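Heads up, the chain below is alone and in the form predicted alone; it's given as structure tokens.
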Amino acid sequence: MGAACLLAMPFADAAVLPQDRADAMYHSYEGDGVSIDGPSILLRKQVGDKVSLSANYYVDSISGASIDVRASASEYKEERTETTVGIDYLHNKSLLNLSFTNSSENDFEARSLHLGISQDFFGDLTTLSLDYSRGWDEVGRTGDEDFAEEANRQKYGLGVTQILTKNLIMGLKAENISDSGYLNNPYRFVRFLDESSARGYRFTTEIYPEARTSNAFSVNAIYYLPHRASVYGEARLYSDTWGIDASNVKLGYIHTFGDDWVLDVYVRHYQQDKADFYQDLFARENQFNYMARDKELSTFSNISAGVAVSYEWQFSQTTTIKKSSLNLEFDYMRFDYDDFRNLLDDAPVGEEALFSFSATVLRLYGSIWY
């Protein structure tokens, strides 16, 4: 298959060290009044034949504000920087990965530790993977030096990848995530009816539970076609203790043109039900113990389509740079909300138009293998 595999689905890593490479990427997001862009740099280097080191630096420059923020606050600008360092260790048919990530912005600090291990079995036809992540968040609020909250996160994963035939690979994965502490956004508000207000409603701070447990199960597959092409698919089910049930399906096609060009196209559909304590409009200020109006906790659906094009240069194995590639990816997304209303719409309280928006994501990156 050659280069076509570069854009295939992310199956579990086999017991092979990552190749020495360097990536430089520019990414851009536009949607719902928010613009996000910035660079990313990734470096990988083997040390001997058992160890590989990696480092990644990622920047998000954010401006604007989403619809729920614009309804109750002003637009903003901020920058988020993320740094990850990692090490891979290979022993026979086992691959161990350890990484640490620090994400920082003016009012939020997140640190996470990830441990993963994969093992090949049965003549390298089966790969079993286990992973564990632990995160520590420090949440602040701009303009309020006394506001300081914390959240802790844990994630467990178990996956298996099986080569079923010379053309078909399938994977299964189960995940469990546990969050505790301050889990809501300090800038988001719920609205409740108030006849004394000129708008007919007022805002008050959201209140979330201090614990959340979620489970996800996914199955994916890739089938290699003649003429260096392949089709792939993924299905995933999700549920949590907040009452959210979600599912998504993704289908894609990869085609290689000549020795250098790779084309990848996909379509994805996502659907979720709202959290138990979500409402667009509450009857009174303290109607329930927990109250939320974050649109990400509402009932909504999303359809996405994307295209990626890659061009690869091959060089002599005796040169410093073995090969390089240039990649362009573009995604279009449409979100439709069933119970979240646009408060910028001039309509009676509770009868505002249901909110929807489109977004685009652009990624341009180059890679060299050395």
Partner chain sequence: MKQSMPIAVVTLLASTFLSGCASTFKELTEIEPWVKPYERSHLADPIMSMNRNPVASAYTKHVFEAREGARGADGGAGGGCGCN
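Nothing here was measured: the structure is a model prediction, and the numbers come from that model. Numbering follows the first chain given and starts at 1.
Although not depicted, the form predicted in complex with its partner chain is the subject of the following passage.
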query: Complete contact of Ser40, Glu175 and Ser214 with its partner chain in the predicted bound form (any heavy atom, 4.5 Å); finding: yes
query: Residue stretch of 106-114, 193-201, 124-132, 137-145 approaching its partner chain in the predicted bound form, non-hydrogen atom distance within 4.5 Å; finding: 124-132
query: Glu206: touches its partner chain in the predicted bound form, heavy atom cutoff 4.5 angstroms; finding: no
query: In the predicted bound form, Val85 touching its partner chain (heavy atom, 4.5 Å); finding: no
query: is_contact(Lys323, its partner chain) in the predicted bound form, heavy atom dist at most 4.5 Å; finding: yes
query: Proximity of Asp120 to its partner chain in the predicted bound form, heavy atoms at 4.5 Å; finding: yes
query: The unique member of Leu90, Val160, Ala151, Ala71 whose heavy atoms fall within 4.5 Å of its partner chain in the predicted bound form; finding: Val160
query: Residues within stretch 302-324 having a non-hydrogen atom within 4.5 Å of its partner chain in the predicted bound form; finding: Asn302, Ser304, Lys323
